[in-house]
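Coming up is one lone chain in structure tokens, specifically the form predicted on its own.
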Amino acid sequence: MKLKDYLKELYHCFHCHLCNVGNWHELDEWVSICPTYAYFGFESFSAAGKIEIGRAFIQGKIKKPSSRMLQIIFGDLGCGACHSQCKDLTGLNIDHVEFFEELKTKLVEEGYGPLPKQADYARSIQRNHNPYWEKHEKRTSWLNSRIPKGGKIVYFVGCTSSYRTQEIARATVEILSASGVEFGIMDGEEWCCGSPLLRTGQRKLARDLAKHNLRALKDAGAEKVIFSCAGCYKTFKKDYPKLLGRTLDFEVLHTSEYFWNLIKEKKLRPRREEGIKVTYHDPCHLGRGTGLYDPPRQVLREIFGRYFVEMKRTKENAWCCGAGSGVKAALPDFAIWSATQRLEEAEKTGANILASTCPFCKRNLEDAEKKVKKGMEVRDLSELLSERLT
């Protein structure tokens, strides 16, 4: 959808500010739901404000974006909380996440974005096929055992678990191996999925990555591809078909879905954990991004039973960890603040462990925990399951 095609619908935004608060029908009270508005405090950082900025830019009323405008637009988390509130409560027929990504893309095409740190990791992706300035040949350095290359079932590891949260990759491999499932990885043929680029308007390079990854998976013989990264999962499931104009040749599953299927099939038998409370943080890309809410909770209930507890803001109303859309790289103080808010909410449940299903969420929540020292253990679902297999 071209940016100008949104214009008619943008006029229907009447600044009700429901994009900034949680659905009170679900929560019985007004609860903050938009991290950027809560942190920066100006309406321009809210969804309604960004809609006004976008409308002015489309109509040519903004000739040259200011640095402040670029911070507002490229500081958008893409978490989708505004959209989940707006579509349920006002009937505005616009996908905010999609619109803001289109706006970023247009700004990049005209030479006005992204933010410096976001452009920097794009250069790394071009050179190293990952955003972390790590050598591509070290992508599988986390492996403790030999895994076949390719096959009918392929584990797409993702850049963050390959280079930063390697414990998630190792735990995922341990679980798959314990289940007896034959699976492979792509080894050096796996490149960045392109999510960091798509979320920051750098679409052309993302398209090249998509073409490579789909070609490599086809050559690998993949019929089912599983992801432990919520960002990779959403990018393949939602973005690749739109980006390339075709359906995928294989089934796409997040590991939480796949783990739950293996448990139901009795291929995995986790032991029950008593006395340790755990709560769950919905990653934005997995939850609001693809509608996947239940499988992670089902796995956690299988392990922790009645000791699995929920935070106030969950599922469609979940608070973003603050790491998405290149914000952790470009605006680190804001990202840590958002994660700290989530840690405080988790603490109120009495939980010992804050679990999630996204390496970006884990990393940012862990960074916040190191700073504020709430005593909260931050773990990925894969780690919790692999440690409790019988």
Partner chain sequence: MKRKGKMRRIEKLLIDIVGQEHVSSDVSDLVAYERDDQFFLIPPHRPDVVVRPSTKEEIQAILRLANKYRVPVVPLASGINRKGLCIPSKGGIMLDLRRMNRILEINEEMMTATIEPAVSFGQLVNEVRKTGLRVITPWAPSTASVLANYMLRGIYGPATRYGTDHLISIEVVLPNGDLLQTGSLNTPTTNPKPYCNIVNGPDLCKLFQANPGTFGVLTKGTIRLYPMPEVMKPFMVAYPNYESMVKPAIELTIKDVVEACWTMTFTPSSLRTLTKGSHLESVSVQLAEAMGSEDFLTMWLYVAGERERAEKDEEIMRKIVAESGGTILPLPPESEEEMIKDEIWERTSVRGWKKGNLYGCSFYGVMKLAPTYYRVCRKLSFKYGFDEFHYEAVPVAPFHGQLSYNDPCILWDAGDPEQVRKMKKLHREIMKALLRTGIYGWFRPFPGVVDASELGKYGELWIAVKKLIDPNNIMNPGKPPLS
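Predicted model, so just to flag it, every value in this text is computed and none were measured. Residue numbers count along the first chain shown, from 1.
There is another form of the same protein, the form predicted together with the partner chain; it is not shown, and what comes next is about it.
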### Task
Please state whether all three residues His12, Ile72 and Thr90 have a non-hydrogen atom within 4.5 angstroms of the partner chain in the predicted bound form.
yes
### Summary
Given 348 to 356, 334 to 342, 317 to 325, 35 to 43, the stretch touching the partner chain in the predicted bound form at heavy atoms within 4.5 Å is 35 to 43
#### Entry: is_contact(Lys371, the partner chain) in the predicted bound form, heavy atom dist at most 4.5 Å
no
### Message
Just checking whether Ile53 would be counted as a contact of the partner chain in the predicted bound form - the rule being heavy atoms within 4.5 angstroms.
### Response
yes
### Query
Looking at the partner-bound form in the predicted bound form, is Lys8 within 4.5 Å of the partner chain by any heavy atom?
yes
### Query
Is there a heavy atom of Val21 lying 4.5 Å or less from a heavy atom of the partner chain in the predicted bound form?
yes
